[in-house]
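Listed next as structure tokens is one chain, alone, in the form predicted alone.
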């Protein structure tokens, strides 16, 4: 079985890209399953089940960030996909935390970027791009050729080793090259390991401490005028 983890900022077209991919994967005779990880609302799983008749699951991260939730549930998701005798496990995650990477070793990591979201977007999203295998640039029909070239250059500046696929996913343009890469991807490893390093330390804000000001927190903290340091037990 192969695993494909698809991340990216909201409204970039992740679902549209994956619908085109799943359609072509099924035509090739493979059996995919689909998992959606989101914060508090999603209907994409219902769309995939209705359109393709494949097994689907949905998880709301709630008070966890989506990438944290993704790491927690992915082991169960792999076991579920194997029980379904799937050839491909497609995971679509909201990926709202720009410090983290949702990808795992032995899987294919895809980040979906919207060409209309600004030329500096590739510089802003960190490990979600830099640790991906493929950057899918969507909505290329809505910008000029010059803007496409600048956006592509910014992606390469941020992640020199990433493969770039430019698409108009709504009409399936540019999807074939992405599908070829997915079909050629490695099988999932027997032991699941997160790709890249998580952020340093545990944030006291994340565990529920609401007071404002670094003096009221401990662990890894940061004042306005200085770099981060460790404070307290």
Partner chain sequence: MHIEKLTILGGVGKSGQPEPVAEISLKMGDVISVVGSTGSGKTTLVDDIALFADRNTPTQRQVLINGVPAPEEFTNDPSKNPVAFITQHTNFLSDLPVNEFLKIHAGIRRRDNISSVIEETIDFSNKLTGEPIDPENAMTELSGGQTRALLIADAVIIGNSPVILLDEIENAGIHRTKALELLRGYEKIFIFVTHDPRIALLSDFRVVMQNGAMVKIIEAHDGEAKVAEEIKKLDDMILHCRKLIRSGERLDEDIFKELR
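Quantities reported herein were computed from a predicted structural model and do not represent experimental measurements. Numbering follows the first chain given and starts at 1.
A second form of this protein, the form predicted in complex with its partner chain, is not displayed here; the remarks below concern that form.
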| item | value |
| --- | --- |
| Any non-hydrogen atom of residue 84 within 4.5 angstroms of its partner chain in the predicted complex | no |
| 4.5 Å heavy atom contact, residue 166 and its partner chain in the predicted complex | yes |
| Distance check, residue 174 to its partner chain in the predicted complex, heavy atom within 4.5 Å | yes |
| Partner contact for residue 76 in the predicted complex: its partner chain, 4.5 angstroms, heavy atom | no |
| The single option of 49, 180, 68, 31 touching its partner chain in the predicted complex, heavy atom within 4.5 Å | 180 |
| Residues 203, 211 and 221 all lining its partner chain in the predicted complex, heavy atom within 4.5 Å | no |
| Partner-proximal stretch of 105-113, 86-94, 125-133, 150-158 relative to its partner chain in the predicted complex, 4.5 angstroms, heavy atom | 150-158 |
| Heavy atom within 4.5 Å of its partner chain in the predicted complex - qualifying residues of 131-145 | 141, 142, 143, 144, 145 |
